[in-house]
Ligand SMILES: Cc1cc2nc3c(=O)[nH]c(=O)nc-3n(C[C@H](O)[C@H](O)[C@H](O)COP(=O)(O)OP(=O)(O)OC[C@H]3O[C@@H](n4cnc5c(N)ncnc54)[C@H](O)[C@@H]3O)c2cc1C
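Consider the single chain below, provided in structure tokens and representing the form predicted on its own.
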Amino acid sequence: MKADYHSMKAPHLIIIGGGFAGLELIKQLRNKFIKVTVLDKNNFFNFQPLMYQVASGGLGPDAIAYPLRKIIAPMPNIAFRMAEVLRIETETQTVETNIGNFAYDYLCIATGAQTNFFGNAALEKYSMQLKSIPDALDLRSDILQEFEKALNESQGSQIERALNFVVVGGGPTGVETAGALAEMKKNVLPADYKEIDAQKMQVHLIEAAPRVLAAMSEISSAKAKQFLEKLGVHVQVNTAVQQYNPETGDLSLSNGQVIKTDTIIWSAGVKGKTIAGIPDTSVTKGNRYQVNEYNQIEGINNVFAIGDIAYMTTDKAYPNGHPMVATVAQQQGVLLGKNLLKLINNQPMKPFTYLNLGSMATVGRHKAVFEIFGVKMQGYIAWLGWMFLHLMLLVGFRNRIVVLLNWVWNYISYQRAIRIITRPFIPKQ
């Protein structure tokens, strides 16, 4: 049933967050008899899996972002407000924001995750992150500024600091970022910075677990490590970062090694992005909300959580919670949309069961690992599969064309297309 947002008298759902989970939920409720308000501090959907390519100059930010209003525009029962959520009052069923208060009948929290520094204040202050487009642009500027700095340094130790790049965390983001930096060393540095000896640039990948890509099979993990080392990345597993001194640039590792660096890229962990007002008793492992099999936050009526912020233990295959990946968020968004309509019509809801479609990661040109439905691939075919799936998952035809053209140019020219410092990064003091 079609109805206009402003005139319809129907249950009101507020969705906090326009990421993968929120987007799928919106799609399920299009033209349904439910009034929906989407709240997000950004006015765009961000395709996070390609964030590292913005940071390494392979893509512009507009290639991986898509306006939320453009998505919602054809949906008459759905509205968007660019707002920062400050607090949730569950007793009065009100969401407090910086632009005013919103009353709800149903509430869905899809705020996603934030970086987890595990209490290390120095690393939190001085590390670079890759959780948002501003983060990616800051990192891009920082990388290029370090190259410029190395040109003007006369002391070897200062050049070493400028050209040492340390990626902490061997998950997909860390592996892909390290691979992109290694390709910049191979292709960009000799082309644009001829006065620098490219061999002085060193890329380090530090992982506390016994292997990189721990969520994938041992075969894929070993192959990814082999690809990285072939590109010249120094991979250290069973090694944790302990402390960082910004004055000397000393990064201390658990094996006793000290790396001098001005650039630490942190991808070693995430935790849920909670909101004030939800009782602490609802927050559990990983700073996530404990939810039941229908993604309803335990003990709170009509409040749901989906995606990275949700911690569900009722799925028999995942008794310790689902992985914090986009496919979980998307599947939960789809099912919650259907379940909310059932709930409104007094029909029984369906419990969530995650269908694991597989995992993948790319390391560089012709180098990727790909696992889907039990099939494991590495190398060129996996690389093509990774590119095809990421193109198809992008929101918007224009985004797909822009990304494809950039990839073709990068492939032909061996260059990163966007090597400009449009917003200089100012390191924290």
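When you see a residue number, it is the position in the sequence shown, counting from 1. Small disclaimer: the values here were computed from a predicted structure and weren't measured.
If you look for the form predicted in complex with the named molecule, you will not find it shown, but the lines that follow are about it.
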Q: Tell me, out of 211, 342, 186, 273, which residue has a non-hydrogen atom within 4.5 angstroms of the named molecule in the model of the complex.
A: 273
Q: Let me know the one among 173, 331, 77, 221 whose heavy atoms come within 4.5 Å of the named molecule in the model of the complex, would you?
A: 173
Q) Taking 19, 49 and 130 as a possible spot, do all three reach the named molecule in the model of the complex with a heavy atom inside 4.5 Å? A) yes
Q: Spell out, yes or no, whether the shortest heavy atom distance between residue 197 and the named molecule in the model of the complex is within 4.5 Å.
A: no
(Q) At 4.5 Å between heavy atoms, is residue 371 in contact with the named molecule in the model of the complex? (A) no
(Q) Residue-level contact is defined here as any heavy atom of the residue lying within 4.5 Å of the named molecule in the model of the complex; does residue 112 satisfy this criterion? (A) yes
Q.
Under a 4.5 Å heavy atom criterion, is residue 325 part of the interface with the named molecule in the model of the complex?
A. yes
Q) Counting only non-hydrogen atoms, which stretch in 301-309, 142-150, 156-164, 237-245 is within 4.5 Å of the named molecule in the model of the complex? A) 301-309
**Q.** Contact set, 27-42 vs the named molecule in the model of the complex - heavy atom within 4.5 angstroms
**A.** 39, 40, 41, 42
